[in-house]
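Listed next as structure tokens is one chain, alone, in the form predicted on its own.
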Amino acid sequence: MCTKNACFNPGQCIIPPYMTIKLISASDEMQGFTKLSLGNFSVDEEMRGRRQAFSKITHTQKITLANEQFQPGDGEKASLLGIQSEESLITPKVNREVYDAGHQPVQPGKLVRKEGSAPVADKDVNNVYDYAGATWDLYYSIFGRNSIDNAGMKLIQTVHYRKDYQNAFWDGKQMVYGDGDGKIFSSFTSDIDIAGHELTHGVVQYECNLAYQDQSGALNESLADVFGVMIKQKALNQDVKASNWLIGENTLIGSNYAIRSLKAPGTAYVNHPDLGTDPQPADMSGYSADPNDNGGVHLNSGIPNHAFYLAAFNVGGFSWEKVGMVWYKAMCNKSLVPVNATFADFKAATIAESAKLFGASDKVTKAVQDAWKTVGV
């Protein structure tokens, strides 16, 4: 369904529409690749619609619509209801399942690895198994969150989705990864930050549930990037100065390319032979309500992304310890961050949460205030 500002209804996939549209507009020499991009774009739209519908229903309805292939037990049913099982109340533990779609349009596919089982020959399977574990670990060990829904939700992931599919997405209840085309995009299991990004869309879904339009949608995308990069930093034990602050640096093929940069939005890829130059703005002077991107949800996410980078870098140390905690508390504050929150709303929420955690006159709160001012919010 087409609305005034959302003709393509782009959603929570890692590859933004401005990149896909660039590939669809490829030259005659790339006609085969253009056809592939068009097919992927159509699939993306189908998945986004499914995810958006799933995010709006009640917990009880989610159980009714849950895929029977997952065969949830009593613990998972309780999780979907937002009720912790007796076991999870005692010792929360990560619960992962990885499926292989066999390059077909199926979900979840064939179960190939589950929690506690040994690594398999397929590196994509092992990658996403490890990435889901690292994501669960950051949310639990740092923020005290028990999985995506904070109630022990099983982390289900599907690899090898369709043939040469150029994206990864959270569909409202599970993760799906494509293999890429091997020319512009490698496998979407190549970067831990992509997995963290997409799984964080699930966390947002269960917390502030930001509407996927305009500034609230850009905040949704930004939160996914912010926590995705923190998950990578924690897995690598990197502080704010050691990190390169890139998203998807291994997925977009080429040593000088990445999908996004929090440190310097607009520079993730420059003069790429097929994609051109990263169009993301770093501050409000470049804000653009792109109608092909639900009002610029992927494009404008660079603005709050850069605010987080500035605050974290100026505070120093590990990003998740102080500024990351501020962002997490703000994301979970539904009174200060409503579903249609603006950048100004989220700014106010981060300042308020920082003042609660560290004090109104603390250097962390000042760094947060200065960061938002620098990006023009």
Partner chain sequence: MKVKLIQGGGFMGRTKSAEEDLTEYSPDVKQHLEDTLEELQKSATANTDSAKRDDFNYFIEYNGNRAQLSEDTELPKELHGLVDKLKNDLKY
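Everything numeric in this text was worked out from a predicted model, so none of it was measured. Positions refer to the first chain, counted from 1.
Although not depicted, the form predicted in complex with its partner chain is the subject of the following passage.
With the partner removed from view, which of 120-128, 252-260, 151-159, 231-239 is the stretch that lies within 4.5 Å of its partner chain in the model of the complex, judged by heavy atom distances?
One stretch meets the cut-off, namely 252-260.
Since exactly one of Phe185, Tyr139, Trp245, Phe227 fits, which has a heavy atom within 4.5 Å of its partner chain in the model of the complex?
Exactly one listed residue reaches within 4.5 Å, namely Phe185.
Proximity to its partner chain in the model of the complex, single hit among Gln166, Gln215, Ser222, Ser147 (heavy atom within 4.5 Å):
Residue within 4.5 Å of the partner: Gln166.
Should the three residues Asp179, Ile192 and Gly266 be counted as contacting its partner chain in the model of the complex, with contact defined as a heavy atom within 4.5 Å for each?
No.
Is there any non-hydrogen atom of Thr277 lying within 4.5 Å of its partner chain in the model of the complex?
Output for Thr277 is yes: heavy atoms within 4.5 Å of its partner chain.
Though only this chain appears here, would Leu210 touch its partner chain in the model of the complex if you measure heavy atom gaps against 4.5 Å?
Leu210 belongs to the contact set for its partner chain.
Answer yes if any heavy atom of Pro291 is within 4.5 Å of a heavy atom of its partner chain in the model of the complex; otherwise answer no.
Yes.
I'd like to check something about His201: if you look in the model of the complex, is any of its heavy atoms closer than or equal to 4.5 Å to a heavy atom of its partner chain?
Close contact exists here: in the model of the complex, His201 approaches its partner chain to within 4.5 Å, heavy atoms only.
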